[in-house]
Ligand SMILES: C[S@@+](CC[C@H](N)C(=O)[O-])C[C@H]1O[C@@H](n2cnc3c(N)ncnc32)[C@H](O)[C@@H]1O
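Let's start with one chain on its own, the form predicted on its own, as structure tokens.
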């Protein structure tokens, strides 16, 4: 059977449905997991979410009365993003009007046509008006901008700008299967330009679909950001150690731990659906670990009482360091979420410390750039625990890695329990 060729109207309608659901509080990752999405729709969705604040401001400026239907508002923001990204003006306007019918809100055709044509008439003035606001210029919520500006006075603009870019595609070479030099040579033979950016990290100059990455299915490599690849080596692993990855899903760091040494590794996560991805990743890479469904806050339900020599606590967080990879978090998060996550992180750290043997090491990690989730959590913990000491991490200055062209934003604190 011939494959269906999708129109721009269909792509705009499908993207708008997703944008409306994200605006209502749903996670884009969960929506993607529920159903496969066409590349054209994904491109519209990710671009729209990166620029959501701009589009929202433009709709507010152009519509005399803001559309009540969330799908109409989402369609306008998505179509405005398509226009600002350089798509053919006539095609975007006409197909956005056609998309209204696909969304079954035909009464909004006139509004959509008027808003988009109004934007094209006064584009320069409207863009300048949007760019005059912090949210329009930096494309983040105001509370987020204010917090980053206060915490990184010398780098805040760079951090925000990084959050709006396309993330690099970096691979982690599996040393059980091949070496970095050999793999880079394999890529070169396939005409794929890449360069080494870490001990096991290889960055592709041009991103590829995962199924087009040479050797992926054979377990030669995994997709993992270069900053995330710093975690496992910091734990100073040795064969036979009892190691816990306490919040393991989707499994990138757990697999990295298993690649570095033959460990007695437990990969734990409270989300059973995401936990299944760990087993699949380990099988593809030819690795083994004990994969458990359980809540790290209630170890009595799953722990056998034997202490661990190493613990990786990759704590749930705002994901403020990986906003370019998950652009919906910029608009899903609220200022109050920072304190909420910090409370959970402190509870997890205190609980995991009980499971660590004397002399053992625990790596506290987040993908956040907010101090409240990082140094504040660790500092308060160290102030309460006489048996805890923070070890130096040579590859990081103070533990905070800010996002840039090579990697996302992460925080690492390596703690040791007194013997």
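Residue numbers count along the first chain shown, from 1. Being a predicted model, the structure only gives us computed values, none of them experimental.
Just so it is clear, the following notes concern the form predicted together with the ligand, a form of the same protein that is not shown.
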Heavy atom within 4.5 Å of the ligand in the model of the complex, from candidates 214, 307, 299, 250, belongs to 250
Interface residue in the model of the complex among 221, 246, 111, 226, criterion: non-hydrogen atom within 4.5 angstroms of the ligand:
246
Hey, in the model of the complex, does residue 270 get a heavy atom within 4.5 angstroms of the ligand?
yes
Contact between residue 141 and the ligand in the model of the complex at 4.5 Å, heavy atoms?
no
Non-hydrogen atom contact residue 295 with the ligand in the model of the complex at 4.5 angstroms
yes
Check residue 233 for me: does it contact the ligand in the model of the complex (non-hydrogen atoms, 4.5 angstroms)?
no
In the model of the complex, which of the stretches 312-320, 96-104, 259-267, 150-158 has residues with heavy atoms within 4.5 Å of the ligand?
312-320
